[in-house]
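Quick heads-up: it's one chain on its own, the form predicted on its own, in structure tokens.
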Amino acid sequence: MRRALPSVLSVLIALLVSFIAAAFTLGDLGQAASAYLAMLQGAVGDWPRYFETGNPSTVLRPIGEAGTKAALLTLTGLSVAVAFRVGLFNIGAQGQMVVGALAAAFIGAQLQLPSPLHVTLALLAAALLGSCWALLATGLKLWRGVHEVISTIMLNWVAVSLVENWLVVGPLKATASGTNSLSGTAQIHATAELPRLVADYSRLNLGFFIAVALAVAVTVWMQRTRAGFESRAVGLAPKAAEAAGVPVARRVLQAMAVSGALAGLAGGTLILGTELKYPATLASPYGFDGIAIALIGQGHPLGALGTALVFGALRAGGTHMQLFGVHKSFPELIQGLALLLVAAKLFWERLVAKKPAAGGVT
């Protein structure tokens, strides 16, 4: 709890400061309060209206949107957090997500299989391609000394250019139907779509539960296995870990393979859950958002999950603020401010530090 406190306080302060900024720019405290209430209702549902009308969509639809966004943020946040464990800064989750999304779109559209097998194969393809993309940067790091920040961020643009400027508009472009021009790849088959919990009312799908399960699984791997312990040792002191007999290169490769797979799964979940094809441009920068999610979550898998749930909900509600003159990207401002506050590590450490006992040495 002490470790989570700086993040919780940072998010609360970011919400307060952003509210003051909204009130100042709108020139009306009441309108800013109404915008924040609309964001809350867009995140967790309009419960008063539900009790008044009995319409479940007033609650289930906002929760579904929050859950789908939280799933993607969780997976990309986990991707960055796993790389942190071995002391690497994976800036390439966006590129890994892009290639993973393309793999899922290709398998979903080109194969015809029973639904459970089809979904599983598409997700595995997304994870595998994302993992391979991350291992390119890892190989450059281990055997050529190329810093992973440089290689992963450059591989982002390679992935985007390769996928969106060639494959999606070229070999994998959807076939035009009559006189209609189609953008992106062909739509995936119904058997490849992730099952939705309440399809008539919400887009919440199996991807959310996969993301939560993976957050728990990564926590167990990091905290309760030898490989996880050795990975943490590599991240804290690679030279000391190597001297103690830890296979440093193997643990780095393993962690980055998992990191890329998680980002690739985010792309697969996006395609199979909501997009249902690879669009002309994958405009959602969830891979970059994963960096903020991991940092605000203190690099812990469950911290990333909790942060993703909060900001997934805020983003789902952000579109409702437009009715009050606030741009829908306002939750991103809150996220950025929270990240800035979390970065003030020394301040928070002093704030939550235990006071010395009376008569003790200070």
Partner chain sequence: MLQVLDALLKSTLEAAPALVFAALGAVISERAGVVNVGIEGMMRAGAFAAAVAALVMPTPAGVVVGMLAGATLALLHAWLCIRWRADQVVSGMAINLVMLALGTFVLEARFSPNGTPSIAQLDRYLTGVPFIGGFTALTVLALAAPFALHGVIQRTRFGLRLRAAGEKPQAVAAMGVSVSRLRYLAVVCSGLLAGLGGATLSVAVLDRFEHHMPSGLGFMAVAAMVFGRWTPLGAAGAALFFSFGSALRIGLTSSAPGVLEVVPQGFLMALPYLLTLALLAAQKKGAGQAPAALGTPYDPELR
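Fair warning: this is a prediction, and the values are worked out from it, not measured in the lab. Numbering follows the first chain given and starts at 1. In this text, the rigid core denotes the largest set of C-alpha atoms whose superposition between the two forms falls within 1.5 Å.
We do not show the form predicted together with its partner chain, though everything after this point is about it.
Trainee: Any chance all of Phe51, Leu111 and Leu135 sit within 4.5 Å of its partner chain in the model of the complex, going by non-hydrogen atoms?
Mentor: So, no: the whole triplet misses its partner chain.
Trainee: In the model of the complex, does Ile13 have a heavy atom within 4.5 Å of its partner chain?
Mentor: Looking in the model of the complex, residue contacts with its partner chain do not include Ile13, since no heavy atom lies within 4.5 Å.
Trainee: Look up in the model of the complex whether Leu295 has a non-hydrogen atom within 4.5 angstroms of its partner chain, and give yes or no.
Mentor: Although its partner chain is absent here, Leu295 would touch it in the model of the complex, with heavy atoms inside 4.5 Å.
Trainee: Could you tell me if Leu155 has a non-hydrogen atom within 4.5 Å of its partner chain in the model of the complex?
Mentor: Yes, Leu155 is a contact residue.
Trainee: With a cut-off of 4.5 Å between heavy atoms, is Leu29 one of the residues that contacts its partner chain in the model of the complex?
Mentor: Leu29: no, not in contact with its partner chain in the model of the complex.
Trainee: Pick from 115 to 123, 145 to 153, 95 to 103, 209 to 217: which stretch has a heavy atom within 4.5 Å of its partner chain in the model of the complex?
Mentor: Answer to the contact question: 145 to 153.
Trainee: Return yes or no for Leu26: a CA shift of at least 2 Å between the shown form and the other one, with the rigid core superposed?
Mentor: True for Leu26: a C-alpha shift of 2 Å or more.
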